[in-house]
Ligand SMILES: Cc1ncc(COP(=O)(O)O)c(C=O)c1O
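In structure tokens, one chain follows: the form predicted alone.
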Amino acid sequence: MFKNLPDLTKEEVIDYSMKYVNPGKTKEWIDRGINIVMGKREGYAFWDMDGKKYLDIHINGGTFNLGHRNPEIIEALIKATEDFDIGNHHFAAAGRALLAKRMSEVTPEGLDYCVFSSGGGEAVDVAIKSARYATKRKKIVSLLGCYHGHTGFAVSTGDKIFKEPFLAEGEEGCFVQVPLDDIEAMENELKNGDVAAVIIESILATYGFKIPKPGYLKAVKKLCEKYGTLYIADEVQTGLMRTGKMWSIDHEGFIPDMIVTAKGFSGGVYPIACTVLNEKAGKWLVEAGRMHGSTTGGSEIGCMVALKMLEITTRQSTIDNIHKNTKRMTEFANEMVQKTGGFLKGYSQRGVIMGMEFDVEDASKTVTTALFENGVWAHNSRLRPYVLQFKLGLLVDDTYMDELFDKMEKGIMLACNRAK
């Protein structure tokens, strides 16, 4: 099965995972009848170690925007190893310099500094530390139902389901949440002048790709400017052209103080993330640059991989493909609303990001399972479990789309019939 590993059976992998890795998560998927162990992977599909093929519309939150083991990304990784390794985070570095310059070109005007990390949670932590340094305030405001990662400050910004088990609520009064689209509640928190930053996913991924009402995010940014607060746009799942624009925030008509990107930034092969900051948010980089470091964040190998990822992502052919498939997703969802008689109640969509809302309590026990049986791997929203996350890759072709829609229709209709 694996060319460079000892011979392993699927049963052995599951046994080792139960004994040495994460028994709770491993058992949960087994209990749901979805005990996947990924073997071969290629493009927008992977094969279980048992040999069954699955089309991947979860793509690990956008990690596999360009597919599993994209050949150009793999080639860039191999070439990078001819010159680079992780590098030394104390010194200026060719890989980091080139990638940071490119990021300044693909982000809104004024977002000129880059801090590299090894993952999205760490990148959010950097953004919060930067805001606190710049404003000399501690309070962070986020939205109810949000998720920004499992690390330090990041987990404290999220829903209680993520932070309470680890007693990670943060210092009293420092991490506050308000409802989405409630501008009055937001101003009530900001008007005291003690908020360092507001952090918002431009589309709330873990909340089922809930899209803020038109004008809401721009109004929040205006309040931030009024009260001396910085605005952090979390684009970990929604950036990198997934919405048809480079960043979802580009649809909103304003420029944030910071953008956080990860997942797909890695090209799916080398862990790397980035926090992009404007002059105010990046004040510490000038005054106290050695006060933050990440040994593996900004690995020079990772930087070369991310550069290739950006090249592929910004090609006109990629953008054209996204727009074409956005339309096809919309047409498919509308057809399924009609065919299921309301079992699919509706959907939210921006670009190739879609949240499909079903008339069930928990899509993971109904729709996800039925899709799995028909060779499609999808996942529901953690915080709105009746919403299925439909995350399409950027490069999928017509043949893939035809196969996907055929299998999705069979799976959704199976779930619909079981629900009757």
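All values reported here derive from a predicted model rather than from experimental measurement. Numbers for residues come from their place in the sequence shown, where the first is 1.
Note that the form predicted in complex with the ligand isn't included here; everything after this is about it.
- The single contact residue among 229, 130, 237, 107, judged by any heavy atom lying within 4.5 Å of the ligand in the predicted bound form, is 237.
- The contact residue chosen from 95, 282, 119, 145 relative to the ligand in the predicted bound form is 119, the criterion being a non-hydrogen atom within 4.5 angstroms.
- By the criterion of a heavy atom within 4.5 Å, residue 149 is counted among the residues contacting the ligand in the predicted bound form.
- Taking the partner from the other structure, the ligand in the predicted bound form has no heavy atom within 4.5 Å of any heavy atom of residue 210.
- For residue 257, no non-hydrogen atom is located within 4.5 Å of the ligand in the predicted bound form, even though that partner is not displayed.
- For residue 263, a non-hydrogen atom is located within 4.5 Å of the ligand in the predicted bound form, even though that partner is not displayed.
- Shown alone, this chain has one stretch from 120-128, 87-95, 178-186, 344-352 that lies within 4.5 Å of the ligand in the predicted bound form by heavy atoms: 120-128.
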